[in-house]
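The form predicted alone is given below as one chain in structure tokens.
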Amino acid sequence: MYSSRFHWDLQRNRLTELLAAKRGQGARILDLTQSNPTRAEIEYPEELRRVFDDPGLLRYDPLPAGSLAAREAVAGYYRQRGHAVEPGRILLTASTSEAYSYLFKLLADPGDQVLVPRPSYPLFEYLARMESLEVRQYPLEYHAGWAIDIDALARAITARTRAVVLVNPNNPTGSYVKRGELEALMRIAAERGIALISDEVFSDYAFAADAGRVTSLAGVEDCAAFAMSGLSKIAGLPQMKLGWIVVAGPARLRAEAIEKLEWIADTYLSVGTPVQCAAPRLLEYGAAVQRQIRERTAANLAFAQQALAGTALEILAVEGGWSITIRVPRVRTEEEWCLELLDRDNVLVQPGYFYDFESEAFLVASLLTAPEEFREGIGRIVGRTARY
């Protein structure tokens, strides 16, 4: 009776079942998977409570690309980071997930393919399947740092490939696209007639400067390219539901993409008037939230590096973002490690296979976690693994 899009196993996994049981028993769980800034003891400016005091929100003036004032505010965000982006190249969405759906509609027909990184955030298959597309993966390799396997990516392209998705920096590896990688990707994309889609929601959260990395694809001119971001991460405001797409590439392709994206957006008109009216102030006041998150993630990373030094655990090289990947002894599976940490130590972390790591054994922890909880949780992980 229902669509074939829903082909996933909806049964709860063992970790989810154990977590529900522990919480049902009233256990205090040290949740090192926290990715919601509004629940991570971040202080939000009082001014954010008043951003919707605007008479403009009482008027409905639907524009497919979004209000000019909101798009100018987004253009200002890029200008502060050294990228010249005209408001006419920006299209507002309710989220980056919606931005993916728009771009998949724009670029692909049912049965077509998109390439996504492995390991990475486990949302792509759901988003692609909802558009009746197939996901193919290309590998990120780790050799004291992460890099795109360009040759493997090129081999993964087929006649039905329509786009290559980049997550910059990647989640959870925290690795940025490098300039040499982008040059190779642009050349492949131009030759094969496919697009680059860059998810840049964590781009502001680098732990150190690096002249060799790419912070945005907003300025790409050699091939069709799309850069995405939104308030959820850059301002720590997931509840405001505002994202965007920046259209890049050759002028002719840009113009056609903008026209067609506006047709798609006009079909749904999903972005609310209040958040568009408030966008300039949300970006302004959200800067203080972003600063706290940067300080939090940097401090938690430094603590974890110190706590794990000299142990059997290793934090894989990370350049930015909100997560760390911890290599643990392969005396048991990732799932067994996660289950034991939750059962014996009340510590919740995620196994690497949630993110499609190709080998064992890795645990993923969030650097956004409140400091006391993070430190106690990391300490318990060190104590538990030291027993083996």
Ligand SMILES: Cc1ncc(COP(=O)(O)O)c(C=O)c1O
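Being a predicted model, the structure only gives us computed values, none of them experimental. We number the residues from 1 along the sequence you see.
Note that the form predicted in complex with the named molecule isn't included here; everything after this is about it.
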query: 137, 232, 215, 290 - the one with a heavy atom within 4.5 Å of the named molecule in the predicted bound form; finding: 232
query: 318, 167, 245, 304 - the one with a heavy atom within 4.5 Å of the named molecule in the predicted bound form; finding: 167
query: The named molecule contact at residue 202 in the predicted bound form, heavy atom, 4.5 Å; finding: yes
query: Distance check, residue 175 to the named molecule in the predicted bound form, heavy atom within 4.5 Å; finding: no
query: Partner proximity in the predicted bound form: residue 121 to the named molecule, non-hydrogen atom cutoff 4.5 Å; finding: yes
query: In the predicted bound form, residue 97 touching the named molecule (heavy atom, 4.5 Å); finding: yes
query: One stretch from 138-146, 194-202, 267-275, 308-316 that, in the predicted bound form, holds residues within 4.5 Å of the named molecule by heavy atom; finding: 194-202
